[in-house]
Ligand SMILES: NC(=O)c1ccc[n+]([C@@H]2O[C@H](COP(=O)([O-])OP(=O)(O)OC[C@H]3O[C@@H](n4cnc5c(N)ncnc54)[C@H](OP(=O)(O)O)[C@@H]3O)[C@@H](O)[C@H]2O)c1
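A lone chain, given as structure tokens: the form predicted alone.
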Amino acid sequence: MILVTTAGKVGAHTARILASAGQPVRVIVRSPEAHQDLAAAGIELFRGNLDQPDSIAEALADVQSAVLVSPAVPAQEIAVIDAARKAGVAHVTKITSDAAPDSPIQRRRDHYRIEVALAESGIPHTLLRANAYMQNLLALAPAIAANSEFTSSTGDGRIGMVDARDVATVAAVIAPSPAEHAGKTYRLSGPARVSYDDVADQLTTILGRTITHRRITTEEQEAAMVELGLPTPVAHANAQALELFAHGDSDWTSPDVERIAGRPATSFSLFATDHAGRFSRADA
């Protein structure tokens, strides 16, 4: 049995790929009723809570391999790691980022704490360091659909954006047969470094109408996110991340997706084509 925590953009797709390959897979979810599409795909839904150690222990029954993917809450992921060690789980695949103890981004510092706990646990493991997700741009889709423009504080920064589906594919390759991957760290990106101006240009081509990227300051970016309803700490962290993009923090690509998945990494153009309906006008 392979356990996936939890059913987010990477976890749900990882579970689907595993199930379609005939692998027994279980996903921890708080509300199975909200994920009946996963159940229909042959995925076992475990009603659980990562804040409850007993719940985690039950979810790990008969589990040989775990995919650890959640919103980087150290107490939760470290609880999973502790329970996995006690349960004798043979391998953990952790989805992470460019984690560092001194990163200005809280999420990255949290990922670092989790990685340290995983190393200290003694469980064989593999780290998947994902670049920024293309799916994050879907948050801009309503503005693009309504006004044919979007704003950001990324400036001229280029990002080796990765499709979350590619990260899931890599995790689904490793989790059932982890031996050759244990102890390794992979860097996952798309095939090209893309600026937000490039995003606008590619959307213009795909959607058949002019899409404009309007540049704003980091302070304006944070205020806009708060106005959209994000909690202030989340808006602050996201604005920080975009500022780092502007300074080249995510200006890298890697061949690891293609090397492990056995196919090219998804381009932004293909991603945008797949999601063109999200970026289109409501009356189109």
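Numbers for residues come from their place in the sequence shown, where the first is 1. This one's a predicted model, so the numbers in the text were calculated from it and none came from an experiment.
Form predicted together with the ligand: not shown, discussed below.
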(request) Counting non-hydrogen atoms within 4.5 angstroms of the ligand in the model of the complex, say which of 237, 246, 38, 50 makes the cut. (result) 50
(message) Going by heavy atom distances of 4.5 angstroms or less, which of 186, 133, 150, 112 would be at the interface with the ligand in the model of the complex?
(response) 133
(request) Examine residue 176 and determine whether its closest non-hydrogen atom to the ligand in the model of the complex is within 4.5 angstroms. (result) no
(message) Using a 4.5 angstroms cut-off on non-hydrogen atoms, would residue 250 count as touching the ligand in the model of the complex?
(response) no
(request) Answer with yes or no whether residue 254 is in contact with the ligand in the model of the complex, where contact means some heavy atom within 4.5 Å. (result) no
(request) Report yes if any heavy atom of residue 275 sits within 4.5 Å of a heavy atom of the ligand in the model of the complex; otherwise report no. (result) no
(request) Tell me, please, which stretch of 196-204, 178-186, 119-127, 95-103 lies within 4.5 angstroms of the ligand in the model of the complex when heavy atoms are compared? (result) 95-103
(message) Can you list, in sequence order, the residues from 60-80 that come within 4.5 Å of the ligand in the model of the complex, counting heavy atoms only?
(response) 69, 70, 71, 72, 76
